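The form predicted alone is given below as one chain in structure tokens.
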């Protein structure tokens, strides 16, 4: 009886696995982030990803997905020396980092573009989202994203920032509010425009008349100087000096800004949210709008003078800790703050959460 029971269980498991595999829709298409002319990686309508790597001399190939490359999909070798495999299940909508492990070594997939994350240039894949229209490239007036190099006496060098200016900025005389928007650990100042598509989100919102145009500034937060998992060892003072004493004066001197706290916001994702919280609390006369995107919360006790704060925005993915974000916003509201919480449905600690968060935050900024 025991042998029959085990046999029955094995047969049932095999049938179940076969049914699950049969349910994968064979409508795979190249990822939108592929190199020109490259067919793989591919994604299907259900959110599965399929990879193909040419490595004829390899003994094992695995694709590691997500920040830090945890987990993975084992690829199977074909007679022509290529390796192919499909994720066991659908992935969350939006952008994902990944890398390829070949015989234990870490490499990037030559089929796709690279994005800076996990303190290295990683491969990227885009899983089409149901709501991707808000960050799609459309036939609307586009702003400009330019690189600037600003002097930084505190670090003894020039540092880099990317500045988004709305469409029409170059031809006008109007002055604009500014959002200082920070990346997370493992990333740099390229993240929000590349992975986050912040410029396209802004272009579309402005074209639809949903927001008052403003400037966005991204700079390196010096976050990668601490190892992952040792965030408590991070010291805010060096970056705070760069941002408050060097970058903001440079932006105000070289761009047409409304150079006062009522027209200045700071927000950040993940560790950039931690930076945002510390810097805004340390400098209550510099920013009026605060945003933490999967980056912790404020409590009423944190903010000594609520009259100086026009908005506190808290967000995260539904697969993170949404109850904490909602509760914090409610406590801030009860204490008299203009506080808003937002939870991205079906996403975790990833860029689709933060794209959606910026889309929700932007219309709330700089309202008179």
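Not measured: the values here are computed from a predicted model. Positions refer to the first chain, counted from 1.
This protein has a second form, the form predicted together with a further copy of the same chain, left out of what is shown; the following refers to that one.
At a distance threshold of 4.5 angstroms between non-hydrogen atoms, residue 54 is in contact with a further copy of the same chain in the model of the complex.
In the model of the complex, none of the heavy atoms of residue 175 sits within 4.5 Å of a heavy atom of a further copy of the same chain. At a distance threshold of 4.5 angstroms between non-hydrogen atoms, residue 74 is out of contact with a further copy of the same chain in the model of the complex. Residue contact check for residue 104: one or more of its heavy atoms lie within 4.5 Å of a further copy of the same chain in the model of the complex. Checking 219, 288, 223, 199 for any heavy atom within 4.5 Å of a further copy of the same chain in the model of the complex turns up a single hit: 199. The contact with a further copy of the same chain in the model of the complex, taken as any heavy atom within 4.5 Å, belongs to 254 out of 260, 245, 282, 254. Residues of just one listed stretch (266-274, 148-156, 294-302, 210-218) have heavy atoms within 4.5 Å of a further copy of the same chain in the model of the complex: 148-156.
Contacts with a further copy of the same chain in the model of the complex, taken as any heavy atom within 4.5 Å, map to no residue of 318-349.
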